[in-house]
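Next comes just one chain, in structure tokens: the form predicted on its own.
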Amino acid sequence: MAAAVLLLLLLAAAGPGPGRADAGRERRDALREELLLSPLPTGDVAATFQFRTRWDADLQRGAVSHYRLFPKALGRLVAALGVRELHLALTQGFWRTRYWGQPPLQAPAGAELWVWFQPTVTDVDKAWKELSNILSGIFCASLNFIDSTNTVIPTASFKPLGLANGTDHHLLRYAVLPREVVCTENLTPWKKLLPCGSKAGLAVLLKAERLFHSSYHSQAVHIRPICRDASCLAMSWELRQTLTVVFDFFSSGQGKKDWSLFKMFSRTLTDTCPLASQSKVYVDISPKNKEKELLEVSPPPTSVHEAIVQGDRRTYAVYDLLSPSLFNTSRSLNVQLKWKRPQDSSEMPIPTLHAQRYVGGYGLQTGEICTLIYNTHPYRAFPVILLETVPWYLRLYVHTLTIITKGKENKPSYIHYQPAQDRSRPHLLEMLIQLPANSVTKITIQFERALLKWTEYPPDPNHGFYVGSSVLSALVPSVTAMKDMDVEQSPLFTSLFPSSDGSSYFVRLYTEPLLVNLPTPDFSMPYNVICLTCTVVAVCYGSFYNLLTRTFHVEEPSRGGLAKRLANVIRKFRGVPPL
């Protein structure tokens, strides 16, 4: 006993060693979860989940060995491959900006991945390939199909959203798989990255059969470095998992716009995630009618929050799940909204910036890609960066590029074009275009369809070939002046794209993906030829082989058997000639 006490005293006097000092440092990590419910003008309801994990640690030096809230799979991936920023989105459907308004977080249809690497990475292409393969295994997606034929290096778009020391675009990689289908096998690993999984907190509402029975579904993962405090002397890492889903209750609810958490998710909120430092539900109750009356929700919210989001002043009913008084009256929270009068209808607001895209022309030899960009601001003009990524089998004629605004030619201030190489890389076109106030800008460019090899066609070639969405990036002028807010205190849906000043806000939009038909051979003809050839070969070769290998024998007539000899003996006695 005395020896054990002496050993403890010696260890205490010696103090912590180098390894113990590193383990004893306080690595603060915090989790915030948030749900935003927004009634849309068309009667749909948009639900946006955000789970933000902030970790005050340095992942790049590889000194982290213990993970508490931050997923170890993503943390080791960032440290091993030298990732500075990572943005992955898996989307099913298309966000209709013209009718639903500006989304909090928009992504193109299919799979989108763009990554900024550290300057210490020597071979960016190799790290990019390894990263896409690892992410393909983590999220059970087809990201392993990302290669040089669908990867581009933008020069003006996709600037870093986090803390960045430089913007060398050679460290950026961007790829889109518009054909990717999102289903339950992608949602399950996404939920497993949450600290509480889907067992507690807001994640209990993530029921797969309800989420995929919707008009729009998008799940994303964003990793970026941020400032630890206002002085920005230290760096922290932020992981933001977002999920946006749009439910169509107006058509499925017999013409009623009323909704509730149970109607949307078939579940209610019963408890909070014990690891979360903040858990809130925001409901947009901004006026939707001419009387400018706020919407009424039940049960009564714990507080009301006013904010300027994307240039509009909005009012939100806030339910703080960590408030002790919220679950005192009932064991579950089921937020409901019922419209006062049946004739209440939302005015269809027109977004300041929206776009659409389609394919023109006729035949299977040439065509035309048309993009329409709308600026509905009554008196403010602003520039927009347009990014076009076109596969190599659509050969663009750059000399046919035209930009028309109000009947006049609109010359871009900046243009960057990287021609495609057959079976090696796609076309990349970036332009900085000035959009006049209250105008429609039409951008057209002609292309020629290439004839692929018969082994390069997919199993369903007559379905068509997908072309990724165009990307629009702009600082849209705000009608209402915005104030700078503390990122840690503001809602999560307002802090992913912080505004540089109070007069504008950043918007990134995606157009529709295109479906283009290519000259397709008749794949049934080889089958017919094979059948006919096999039949001819079988008949001709079989007969010829039979003639060559058959052996002919001459059979002599036999003298007959016992019955014949007896008959001849009898005929002889009778004097009749023998048989």
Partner chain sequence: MAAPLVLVVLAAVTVRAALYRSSLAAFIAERVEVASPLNAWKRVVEGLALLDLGVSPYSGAIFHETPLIIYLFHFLIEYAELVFMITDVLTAVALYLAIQDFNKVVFKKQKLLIELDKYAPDVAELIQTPMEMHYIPLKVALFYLLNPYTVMSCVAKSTCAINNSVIAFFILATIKGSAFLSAVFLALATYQSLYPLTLFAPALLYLLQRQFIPIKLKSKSFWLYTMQYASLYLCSLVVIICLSFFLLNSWDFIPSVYGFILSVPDLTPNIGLFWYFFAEMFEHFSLFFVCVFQINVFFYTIPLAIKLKEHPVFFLFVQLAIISIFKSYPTVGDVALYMAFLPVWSHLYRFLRNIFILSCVLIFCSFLFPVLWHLWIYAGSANSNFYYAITLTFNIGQILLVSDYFYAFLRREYYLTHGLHLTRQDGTEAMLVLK
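Heads up, when I say rigid core I mean the largest set of C-alphas that superpose within 1.5 Å between the two forms. Not measured: the values here are computed from a predicted model. Residue numbers count along the first chain shown, from 1.
There is another form of this protein, the form predicted in complex with the partner chain, and it is not shown here; the text below is about that form.
*Quick one: of Arg425, His377, His87, Arg357, which gets a non-hydrogen atom within 4.5 angstroms of the partner chain in the model of the complex?*
Selected residue: Arg425.
_in the model of the complex, the residue from Gly363, Pro299, Pro189, Pro458 that sits within 4.5 Å of the partner chain by heavy atoms_ = Residue within 4.5 Å of the partner: Gly363.
*Tell me, please, which stretch of 101 to 109, 140 to 148, 79 to 87, 416 to 424 lies within 4.5 angstroms of the partner chain in the model of the complex when heavy atoms are compared?*
Among the listed stretches, the partner-contacting one is 416 to 424.
*Spell out, yes or no, whether the shortest heavy atom distance between Arg395 and the partner chain in the model of the complex is within 4.5 Å.*
Output for Arg395 is yes: heavy atoms within 4.5 Å of the partner chain.
*asked:* Can you work out whether Pro521 and the partner chain are in contact in the model of the complex, taking contact to mean some heavy atom pair no more than 4.5 Å apart?
replied: Output for Pro521 is yes: heavy atoms within 4.5 Å of the partner chain.
_Close approach of Glu448 to the partner chain in the model of the complex, 4.5 Å, heavy atom_ = Yes, Glu448 sits close enough to the partner chain in the model of the complex that at least one of its heavy atoms falls within 4.5 Å.
*Is His66 close to the partner chain in the model of the complex, meaning a heavy atom pair under 4.5 Å apart or at it?*
No, His66 sits far enough from the partner chain in the model of the complex that none of its heavy atoms falls within 4.5 Å.
*Taking the partner chain as it sits in the model of the complex, which residues of 525 to 544 have a non-hydrogen atom within 4.5 Å of it? Please list them.*
The stretch 525 to 544, when checked against the partner chain in the model of the complex, contributes Met525, Pro526, Tyr527, Val529, Ile530, Leu532, Thr533, Cys534, Val536, Val537, Val539, Cys540, Tyr541, Ser543, Phe544 at the 4.5 Å heavy-atom cut-off.
_Gly542 C-alpha relocation of at least 2 Å between this form and the one not shown, rigid core basis_ = Yes; that C-alpha moves by at least 2 Å between this form and the one not shown.
*Any CA movement of 2 Å or more for Leu515 between this form and the one not shown, core superposed?*
Comparing the forms between this form and the one not shown, which are aligned on their rigid core, Leu515 does not shift its C-alpha by 2 Å or more.
*Note whether the distance between the C-alpha atoms of Cys531 and Pro459 decreases (closer) or increases (farther) in the model of the complex, against the displayed form; the change is 3 Å or more.*
The answer is farther, because the C-alphas of Cys531 and Pro459 separate from each other in the model of the complex by 3 Å or more.
*So the Cα-Cα distance between Pro459 and Tyr527 shifts by 3 Å or more in the model of the complex; is it shorter or longer than what we see here?*
Compared with the shown chain, Pro459-Tyr527 is farther in the model of the complex.
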